[in-house]
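Next come structure tokens for two forms of one protein chain, structure 1 first, structure 2 second.
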Structure 1
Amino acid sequence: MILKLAWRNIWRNKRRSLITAASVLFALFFALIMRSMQLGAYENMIRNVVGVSTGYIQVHAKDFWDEKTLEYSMERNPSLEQKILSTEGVADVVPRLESFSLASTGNATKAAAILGIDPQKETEYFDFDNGLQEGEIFAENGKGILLSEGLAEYFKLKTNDTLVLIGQGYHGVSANGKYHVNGVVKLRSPELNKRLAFLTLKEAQFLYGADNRITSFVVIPERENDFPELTESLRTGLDTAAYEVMNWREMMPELVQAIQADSAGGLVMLFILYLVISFGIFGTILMMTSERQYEYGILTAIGMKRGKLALTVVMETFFLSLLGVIGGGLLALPLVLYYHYNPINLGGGEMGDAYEEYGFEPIIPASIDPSIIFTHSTIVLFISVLLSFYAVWKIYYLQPVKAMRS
């Protein structure tokens, strides 16, 4: 009965009700678009990091992360690999061997990062083949080299051209080799796209004289968001005197700080937006309460309990806000989906240059995380119900005779 009465009451003054619902609708619409763009940019940054760069979680030898040399590499121990795989929440492990070399062809020379990989697993878990511009991904025992797009452009190399690597391997051995270019890969991270080259894991071990050695195991979680708990589980199960377990937040603290600082600015803007929503809703409640003093006085005088009357007013405000929330979500959804699959490209401008300077792809895709709509819709509804208690307060302190005279 109360729900039915509340629903009918909001349509007694259609213009006022539609204005209130529209204010909620547009405020939520802008909040969803702004937050989706912001969180989408963060998700893209994290994808740049967890793919070719660090992965969500790494297991490496003690002190490797600080020194980053092959002297702190570790033997690829099957028992260690099995122990990681047996940890609850681990889907798989991806071995890598990471080092550096001087790359040269003709008169051009440049320092390059060399990553020895298992091409099958990299393709399975990190969509390695999606960035292939020309050529092909080498087989597990392939002898060629894959170049990042920027490195290939610097050397003006194409498929089947030759590149020479000169460097130092494990225990100071000479690490020299000549490789034909198997293909060119475009990486999401602009910084890595300028300097990274790939060999198969076996070929990299041969080049650097690091037989059966790797620098890290990249751990693939069954659920990506569970990486903090999984990190602790791995630390508990492994020998921390010999091995170090780190997640991407610990390996990239500057990225975490950048996201937190930027997110704080976004939250300030959301606070201002919610403040605008609050004033709009409160203005409607104030006007509605003032206009309906006579009605409240009559209903109280004929015996309607103040609690039921107050609940009816709360439900009216809730219904108005719910209409605005549903409308705002439906209005924002097509735009969010469009910009998720067609990200805003910042390339060529100052903002794009700033993104590339920090090693991130200069695009802003919208996030389609359903928790964004749920969170902000809940906040708007909570604000509405909270503000409706002004009308509740007026009803409980209402003097029926005075209200009817006014």
Structure 2
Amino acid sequence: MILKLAWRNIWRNKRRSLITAASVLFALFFALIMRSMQLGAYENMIRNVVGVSTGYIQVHAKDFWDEKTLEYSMERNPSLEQKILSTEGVADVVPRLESFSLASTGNATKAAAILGIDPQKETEYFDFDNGLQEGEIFAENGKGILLSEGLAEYFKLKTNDTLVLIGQGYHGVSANGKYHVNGVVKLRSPELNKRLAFLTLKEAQFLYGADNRITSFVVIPERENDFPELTESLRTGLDTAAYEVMNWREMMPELVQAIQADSAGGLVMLFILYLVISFGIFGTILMMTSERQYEYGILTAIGMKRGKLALTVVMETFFLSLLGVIGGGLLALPLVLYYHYNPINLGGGEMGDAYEEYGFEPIIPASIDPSIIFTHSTIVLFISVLLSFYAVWKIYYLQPVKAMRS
């Protein structure tokens, strides 16, 4: 009956309750939409960068990440590979050899990033074949080269045309080779799409005179979200004097910082929003408690414990906010789902260009991470319960005789 009482009390002043619930509803709705978009944009950024290029965790020879040259490459050591694979939470490892060369067709020349890869694994974990525009992905022992869309356009190359790579290999050997274009792939990161070309791992090792050497093992985690813990357990398992284990946050601190700065801006807005609705909720609680002084006096007089009375008021406030929370959630959900599956395309506008410049796909898909709705519902409910403690405090100091004289 306490529950019934709390619930019915909400409807004593329908208008006021509806206004309060509506303010909670709009606040939550707004918070959910805003956070879903924001976090969705970050997820997209991370997926773009992490998913197609770095992976969540990499193992390199020590100092490779700072130097980025073949002198800091490492031998593809089966015992190291085995050790990583046997670490709890690791699904697979993907070897890569990364370097730079001048690419030339005779008419044109351009610096290109060359990545030696295991085509099967890249396809399996990074949807490598997804962006194939023409030709085909090479087999593991393929001799050709795969160009990013931007490079192909720059050189005006088609499948089966040839391209020359000129550069320096491991220990300063000259690294020159002539390749048939195997195909063209469109990379999700516009930045990489301009300058990346792929060889098979074997072919790249041969080109750079780096037999059986790689620059990184990309670690594929079983659960992507567990990457921080996994980084730590890899660090404990490996010889950190010889190897460095880095996750994407460490490899791309600028990205992390950019996200944090942007996110903080959003949180400040939400803070102000929550502050505003807190005043609304508090106003309702204030009026409610002052209107019901006499009634509270009667109830304590006939023998209702203050704790129980306070509980009904807390529950009433909680239910009221819950109505708003449920409403806000239900209202936001279809919109969030819609924009998750139909991301906002920033297209060629100013924003879109800015995104592309930083190497991100210029779209914002809304995040459907359930923790967003959970977090913000909890915050709103917590705020209202906290505010209802004003009424609790009033009830604890209520003197029935005084309350009933008013």
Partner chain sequence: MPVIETHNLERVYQDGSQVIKAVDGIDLQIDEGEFTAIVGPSGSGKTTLLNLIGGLDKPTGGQVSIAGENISDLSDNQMINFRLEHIGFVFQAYNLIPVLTAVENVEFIMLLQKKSKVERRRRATQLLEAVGLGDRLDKKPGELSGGQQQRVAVARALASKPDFVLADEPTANLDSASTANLLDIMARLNREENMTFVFATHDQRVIDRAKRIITVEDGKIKSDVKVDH
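By rigid core we mean the largest C-alpha set that fits within 1.5 Å across both forms. Owing to the predicted nature of the structure, the values given are computational and were not obtained by experimental measurement. By convention here, residues take numbers in order along the sequence of structure 1, the first being 1.
Structure 2, rather than structure 1, originates from the form predicted in complex with its partner chain.
Once you line up the core between structures 1 and 2, the Cα of Gly265 stays within less than 2 Å of where it was. Taking 2 Å as the criterion, Leu299 counts as shifted between structures 1 and 2: its C-alpha moves by at least this amount when the rigid core is aligned. Taking the rigid core as fixed, one finds a CA shift for Leu309 of 2 Å or more between structures 1 and 2.
For Ile395, the Cα shift between structures 1 and 2 is 3.5 Å when the rigid core is held fixed in the overlay.
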